[in-house]
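Before any questions on how it binds or moves, here is one chain, the form predicted alone, in structure tokens.
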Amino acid sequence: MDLKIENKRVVYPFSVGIDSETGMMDDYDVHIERWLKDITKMFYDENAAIKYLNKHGNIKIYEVYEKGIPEIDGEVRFCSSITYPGKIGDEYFMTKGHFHSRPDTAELYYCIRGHGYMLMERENGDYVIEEMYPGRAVYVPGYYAHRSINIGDEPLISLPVYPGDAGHDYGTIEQKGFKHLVVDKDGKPSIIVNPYYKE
């Protein structure tokens, strides 16, 4: 897929298919799976996550397919992101969420299937939430942590696109969490303040 010209890695033109029903990429280089057992601490009600594991066993929360495009300035990276339907306690299945390692970089999410939200939050706790549904694109500016949340009954599939050198900072979210969460209240999505958020 790539070659070196004058000590710079250059990518050949290529195309790839993404199944609109499953979200699977047909010629992927990297496949990431996030199972409940691996991310129980990402849900604010960790006890509910443990009870779910004990009762139902491990379950896949989300997965990502991506191409091995160089992580350098000038390239554009993209992937297919699939978040499955379900809840732990009253909290919908969601991705871990991340800042970018280069925090000033933005990201675009184009929704292919499903119904959900993109939660975007700055380090000071200011947040914006945008609805995701097929044909809808969500722009995530730099300096916002972001996560996809599936509020529907089918997979939430999106195509994220971001600068090659953006990188991913998952550690900040793993340590602090998001200040705001999306939960089911009386059958409808509601935003609450995370009782375990670490300032």
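This one's a predicted model, so the numbers in the text were calculated from it and none came from an experiment. Don't overthink the numbering: it's just position in the shown sequence, from 1.
What comes next is about the form predicted in complex with a small molecule, which does not appear here.
Engineer: Assess the spot marked by 92, 120 and 180: is the small molecule within 4.5 Å of a heavy atom from every one of these residues in the predicted complex?
Structural biologist: No: none of 92, 120 and 180 comes within 4.5 Å of the small molecule in the predicted complex.
Engineer: Just to be sure I understand the contacts: of 35, 28, 143, 170, which is the one whose heavy atoms reach within 4.5 angstroms of the small molecule in the predicted complex?
Structural biologist: Comparing distances to the small molecule in the predicted complex, the residue within 4.5 Å is 170.
Engineer: Of the residues 87, 115, 102, 96, which one places a heavy atom within 4.5 Å of the small molecule in the predicted complex?
Structural biologist: Contact with the small molecule in the predicted complex is made by 96 alone.
Engineer: Using a 4.5 angstroms cut-off on non-hydrogen atoms, would residue 162 count as touching the small molecule in the predicted complex?
Structural biologist: Yes.
Engineer: Closest heavy atom of residue 62 to the small molecule in the predicted complex, within 4.5 Å or not?
Structural biologist: Heavy-atom contact with the small molecule at 4.5 Å: present for residue 62.
Engineer: At 4.5 Å between heavy atoms, is residue 79 in contact with the small molecule in the predicted complex?
Structural biologist: Yes, residue 79 is a contact residue.
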